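This document opens with one chain alone, in C-alpha cells, the form predicted alone.
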C-alpha cells in the first residue's frame, strides 16, 4: 500500500492587508489559512487513497501555529499529520525543499502531492525542488488524475489544450484547479481532529544561501483614466496597448 504524503503550507489569508513596519511585514494581526492550491492537493491525495488504498500524511514546515492547518487536514480524513518544527525566521526555497525531502524519506513516502504554488510567494518551486532532491520525476500543474497501483495517468495544460501522460510511482505531483472542488470537513471530523496528535519530525536543519534585506509595499496603482467621445478612441487603444498591456 502506497504511503502518500501531501505537502501543505500555512499562508496569510489571501484577503489580508499586510502592513510594512520598520522595513518588515507585520503579520501579527492577520488570519492564517491553508494555501488554496494545497486544498486541491489534499483532495487528490484522499481520492488516491479511496481509489487504491494507502495511507495519507499531511506534512508542513513551520512554527506551532501551523498545527491549525494540519488539524484542518485531519478533519478532512488524512490518516496522519506531521510538522517540521522551525521558527518563524525566513527560510529560503533550498532550505525548505531540503528539509521536506528529508521528512518525506523518513515517512517512507511513495507518492507526494502539493499545490502548484503557495499563495504568499507564488514561486511554484517546492514540488519540483523536493522531487529533485529525492531523485524523483515531477509533474506540474496537474488538473486530473486517474490512479493505478504503480502508476498514474495525468492531465496537464499544454500549448495545444490538455496533455495526457502516464508516470510510474514514485513521483511528485503539483495540483492545479480543474479537478473539482475540494471537500469540506463535517462536524464529526472537526471534533475528532481537535484531539489529533501532531508528529514533530526531527530532520537536519539546512541553512539557506539567501537572506531577506527588507520588505516594501508594492507601488500604489495610478488613478484610473476616463474618456468620453469617439475622438478619444485612438488614445484609449494606445493606452490599452502600451500601459495596460491587454491588446
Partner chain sequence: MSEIIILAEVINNTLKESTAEIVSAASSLGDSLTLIVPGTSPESAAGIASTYEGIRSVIALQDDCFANFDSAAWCEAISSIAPEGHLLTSSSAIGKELAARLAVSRNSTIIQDVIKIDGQNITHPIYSGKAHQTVVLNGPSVMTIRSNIFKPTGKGGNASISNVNTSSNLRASLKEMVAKASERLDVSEADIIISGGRGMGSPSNFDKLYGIADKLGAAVGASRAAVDTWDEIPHSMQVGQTGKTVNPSLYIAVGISGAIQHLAGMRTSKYIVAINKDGTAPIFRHADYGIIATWEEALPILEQELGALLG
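Numbering follows the first chain given and starts at 1. Note that the rigid core is defined as the largest set of C-alphas that superpose within 1.5 Å between two forms. As the structure is a prediction and not an experimental result, all values here were calculated from the model.
The following text describes the form predicted together with its partner chain, which does not appear among the structures shown.
Residues with any non-hydrogen atom within 4.5 angstroms of its partner chain in the model of the complex fall in just one of 68-76, 173-181, 102-110, 81-89: 173-181. Out of the listed residues 52, 64, 192, 27, 27 is the one that sits within 4.5 Å of its partner chain in the model of the complex by at least one heavy atom. A residue is said to contact a partner when one of its heavy atoms sits within 4.5 Å of a partner heavy atom; residue 31 fails this definition for its partner chain in the model of the complex, lying far away.
Contact annotation: residue 137 falls within 4.5 Å of its partner chain in the model of the complex, judged by heavy atom distances. Residue contact check for residue 146: none of its heavy atoms lie within 4.5 Å of its partner chain in the model of the complex.
Although the partner is absent here, residue 212 is a contact residue: one of its heavy atoms lies within 4.5 angstroms of its partner chain in the model of the complex.
The partner is not shown here, but in the model of the complex the stretch 143-159 reaches within 4.5 angstroms of its partner chain through a heavy atom at 153, 155, 158, 159. After superposing the rigid core, the C-alpha of residue 232 moves by 2 Å or more between this form and the one not shown. Relative to the superposed rigid core, residue 223 undergoes a CA displacement of at least 2 Å between this form and the one not shown.
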